[in-house]
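This document starts with one chain, in the form predicted alone, laid out as structure tokens.
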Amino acid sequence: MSTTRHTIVTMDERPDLIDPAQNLPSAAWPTFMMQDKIVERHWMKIYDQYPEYQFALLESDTQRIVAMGNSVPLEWRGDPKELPAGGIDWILPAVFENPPPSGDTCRCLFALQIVVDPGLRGRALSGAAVQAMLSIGRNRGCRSLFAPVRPNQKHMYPLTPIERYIRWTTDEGLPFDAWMRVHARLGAEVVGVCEESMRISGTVAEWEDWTGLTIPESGEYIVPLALTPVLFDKEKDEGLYIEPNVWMHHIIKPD
């Protein structure tokens, strides 16, 4: 698949791009976001079992990776407003540990992430990547795309409950959050909050290493780029971050 400026390639077509594509999340996400144990346990399975749903967006002239995305198919018969609170930490076990019967006509696509090269933000690549994911789902017969969207400006308002944050709007009536706005402009609807999309825990020393902070006592701390405060318990030697995301639903229309 291609556009004038970009080419969409899936990892079954270009397995040589799997490792280079993984460099984008490492550059884009804070270190603590790479420590989810459920994600770590299942991540490479998406490339082994569903490479056709993993993609890179290549600049047509240079063939460099400018964005990438990951998703998995999953049968979902329920009401979109009843999606689980678990987000990404629910999706991966549902696909790889306890998959529902195959062959159902309600196959849906569940997004795991879309990442744009941090040096190329502001060039409408986010929208192009979402459209690429929708196109892949359409080609595979998926009727819906469900995305546990990580609101990319929520970290600036870590004390605001996400249930309030997602109701903020612009003068145009679109979501206040820029990443939610990209999805909304492409037709997505907010259908709920996944309060525990990712659960990241580690020792106090690990968190100090991941963040560069010093944690002198137990309590809640504002950690740069975290969407909510991180809870530290010095007696248990544990820091716990529970990341909330927002379920957004795209209806995938056939060509």
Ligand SMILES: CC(C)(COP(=O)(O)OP(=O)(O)OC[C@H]1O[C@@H](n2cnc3c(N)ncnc32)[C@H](O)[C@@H]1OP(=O)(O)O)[C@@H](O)C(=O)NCCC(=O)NCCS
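None of these values were measured; they are calculated from a predicted model. Numbering starts at 1 and follows the sequence shown.
The same protein has a further form, the form predicted in complex with this ligand, not shown here; the description that follows concerns it.
Novice: Is the gap between residue 165 and this ligand in the model of the complex 4.5 Å or less for some heavy atom pair?
Specialist: Contact with this ligand, no.
Novice: Mark residue 85 yes when one of its heavy atoms lies within 4.5 Å of a heavy atom of this ligand in the model of the complex, and no otherwise.
Specialist: It does not: once this ligand is placed as it appears in the model of the complex, residue 85 has no heavy atom within 4.5 Å of it.
Novice: In the model of the complex, does residue 74 have a heavy atom within 4.5 Å of this ligand?
Specialist: Result no; residue 74 lies far from this ligand in the model of the complex.
Novice: Would residue 225 count as a contact of this ligand in the model of the complex, using a 4.5 angstroms cut-off between non-hydrogen atoms?
Specialist: Answer no; every heavy atom of residue 225 is more than 4.5 Å from this ligand in the model of the complex.
Novice: Tell me which stretch of 134-142, 89-97, 76-84, 175-183 has a heavy atom within 4.5 angstroms of this ligand in the model of the complex.
Specialist: Result of the contact check: 175-183.
Novice: Heavy atom within 4.5 Å of this ligand in the model of the complex: which residues of 46-62 qualify?
Specialist: Result: empty, none.
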